[in-house]
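Presented below, as structure tokens, is a lone chain in the form predicted alone.
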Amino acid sequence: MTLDEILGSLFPEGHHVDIGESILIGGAKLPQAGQLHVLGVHVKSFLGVEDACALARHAVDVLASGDGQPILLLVDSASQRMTRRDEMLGLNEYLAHLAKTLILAGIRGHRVIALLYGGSAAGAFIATALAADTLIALPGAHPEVMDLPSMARVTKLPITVLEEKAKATPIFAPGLDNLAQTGAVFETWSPDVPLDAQLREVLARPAVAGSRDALGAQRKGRPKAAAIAARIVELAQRSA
């Protein structure tokens, strides 16, 4: 689905989303569910300092409004923009700031739902889609925290070794099916069903950010994280 088709299916009564060269910011009314804030990255853009700052500024404005309305984050990006200029300006801090504003919005009572309809990778993926309390995808979306060639350069392992590990362990593997198996992607929507109805169903459920590890264990893609986290909490409570 194109961005225009997605917005039309999400908001059949119209929207006021300003679509820029690489990011989008605005709002819309969801039938039978009220107003939502909308922001995101599109056209497979590389997320740089200026765009990360603009998205974070909008998230801060939402927090300042105190309206409690949900935030819908639409994502179709490349990775972060790894130019010398962006790196020297501290791109990692801008991405971290963006992620923290979205997480804080969730803590302050705003549902933060990311809809991944294209690609996203590396720091841009972490600072947007994974910072939401619930990550939804459309068929054909391709998320990756790190692609296998990059992983081979970092780990110094042959890419053939990583390819074999990726077949057995979703943690090592990019792609929608693997990220869903680890619990990072909550569910994949059907493009044949109006998206507004599917969004209302998600909004009617509690946020799932804290249960991604449990979902990963249930789906057998991340079998140890939930048990380890529970043990850490138990030990911390004993020593408190």
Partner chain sequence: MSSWYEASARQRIDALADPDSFEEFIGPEEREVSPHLALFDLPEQFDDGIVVGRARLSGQPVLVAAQEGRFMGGAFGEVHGAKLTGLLRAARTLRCPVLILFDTGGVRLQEANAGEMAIAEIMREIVLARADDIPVVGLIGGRAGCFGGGGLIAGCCSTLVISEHGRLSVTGPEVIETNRGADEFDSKDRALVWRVTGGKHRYLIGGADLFVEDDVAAFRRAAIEGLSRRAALDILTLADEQKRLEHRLKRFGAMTEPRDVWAALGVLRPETVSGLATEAFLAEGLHKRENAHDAR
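Quantities reported herein were computed from a predicted structural model and do not represent experimental measurements. Numbering follows the first chain given and starts at 1. What we label the rigid core is the largest C-alpha set whose atoms superpose within 1.5 Å from one form to the other.
Although not depicted, the form predicted together with the partner chain is the subject of the following passage.
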- Query: Is Ala28 close enough to the partner chain in the model of the complex to count, meaning some heavy atom within 4.5 Å?
  - Reply: no
- Query: Though only this chain appears here, would Asn178 touch the partner chain in the model of the complex if you measure heavy atom gaps against 4.5 Å?
  - Reply: yes
- Message: Does any part of Ala64 reach within 4.5 Å of the partner chain in the model of the complex? Heavy atoms only, please.
- Response: yes
- Message: Against the partner chain in the model of the complex, would Gly109 count as a contact residue? Criterion: heavy atoms within 4.5 Å.
- Response: no
- Residues within 4.5 Å of the partner chain in the model of the complex, restricted to 48-62 and counted by heavy atom: Val49, Glu50, Cys53, Ala56, Arg57, Val60
- Task: Tell me, please, whether between this form and the one not shown the C-alpha of Met88 is shifted by 2 Å or more, with the rigid core used for superposition.
- Result: no
- Compare the position of the CA of Ala166 between this form and the one not shown after a rigid core fit and state whether the shift reaches 2 Å. yes
